[in-house]
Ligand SMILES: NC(=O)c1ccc[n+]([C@@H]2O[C@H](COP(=O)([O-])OP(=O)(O)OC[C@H]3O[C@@H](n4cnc5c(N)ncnc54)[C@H](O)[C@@H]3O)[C@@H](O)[C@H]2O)c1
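What follows is a single chain, given as structure tokens, in the form predicted on its own.
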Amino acid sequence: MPIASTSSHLVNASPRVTIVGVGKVGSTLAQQIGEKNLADVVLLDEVEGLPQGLALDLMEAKGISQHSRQFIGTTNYADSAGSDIVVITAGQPRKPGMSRDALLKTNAKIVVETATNAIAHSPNAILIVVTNPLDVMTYLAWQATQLSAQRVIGMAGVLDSARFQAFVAMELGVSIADVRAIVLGSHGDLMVPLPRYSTVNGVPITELINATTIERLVERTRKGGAEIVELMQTGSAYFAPAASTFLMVEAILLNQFRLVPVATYLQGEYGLHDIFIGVPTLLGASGVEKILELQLTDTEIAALHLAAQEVRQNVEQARSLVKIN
């Protein structure tokens, strides 16, 4: 059944999502999209045979998963033509002891190239950036593709909020279904978790957990990705990042108007201009439908601006490393 939408790029009977970079995040995302019967998936990677093999593996699992979606594996961007959403996960992952920003030089070139090539074949697509350092890569992808800012989104706050949500649920011993958490700012050590807006069945966690414990959970959230990298040694997180990206893909394809924190372009909101950073955003068929401005305390707004300052510095550094037409 066609998806009901007023947006022209979502009128096809079979929505198509292209995933550029089919490592563990990309391949897990492809599996989730198929098993939820959400869209056909193009798996695109520069390593010949890898996307084709993963696509075949996923096709062979369809009889068990019982869905009707198609998987295409390719190294050719032309095969991704007509995509409704392009997800960029391509790039070098973090290694133990490596910060997200250390990935800047390598991943800047990868993201600019992949975004430009993908949008050339799918000019009406919405672009979701997952590659780290997330906020910087989203800005570069926007500049490289010259898409409207509404159609370029970074996946960060969804993941960071999910981690904060999990840590709160584990600390209190409550069902995670009753926990809502929100994290703003950059996807890094300067992210801004908001305990005042994080609740357990409507009750703010500030009434359930003492300040010292909350600060410990906040700090663990900031180091959530690094903690997994240190434990795994040979890889980084992929289940939670893939699930977070899936939520965004689903919200857009099904026009759900989900209110989630994502890296979006600000033009005066929160006192910030010309920057992609995590804020509460309504996601729907057009991409960014609306940005919600929360009433932040002076301390919270200062933390958000500090994160933005670091993102801006890294954007300038990255722009000096790559050529953007």
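In this text, residue numbers run from 1 along the sequence as written. Because the structure is predicted, anything quoted here is derived from the model rather than measured.
Here the subject shifts to the form predicted together with the named molecule, a form of this protein not shown in this document.
- No residue of the trio Pro15, Val42 and Arg69 has any heavy atom within 4.5 Å of the named molecule in the model of the complex.
- The named molecule is not shown here, but in the model of the complex it comes within 4.5 Å of a heavy atom of Glu113.
- The shortest heavy atom separation between Thr206 and the named molecule in the model of the complex exceeds 4.5 Å.
- Shown alone here, Gln92 lies within 4.5 Å of the named molecule in the model of the complex, counting heavy atoms only.
- Mapping the unseen interface onto this chain, Lys24 counts among the residues with a heavy atom inside 4.5 Å of the named molecule in the model of the complex.
- The listed set Ala156, Ala108, Ile128, Ala118 contains one residue whose heavy atoms approach the named molecule in the model of the complex to within 4.5 Å, identified as Ala156.
- Between the options Ala141, Leu134, Ala181, Leu184, the residue in contact with the named molecule in the model of the complex by a heavy atom within 4.5 angstroms is Leu134.
- Residues within 4.5 angstroms of the named molecule in the model of the complex, judged by any non-hydrogen atom, belong to 236 to 244 and to none of the other stretches in 236 to 244, 171 to 179, 120 to 128, 212 to 220.
- Within 4.5 angstroms of the named molecule in the model of the complex, the stretch 47 to 61 places a non-hydrogen atom from each of Val47, Leu50, taken in sequence order.
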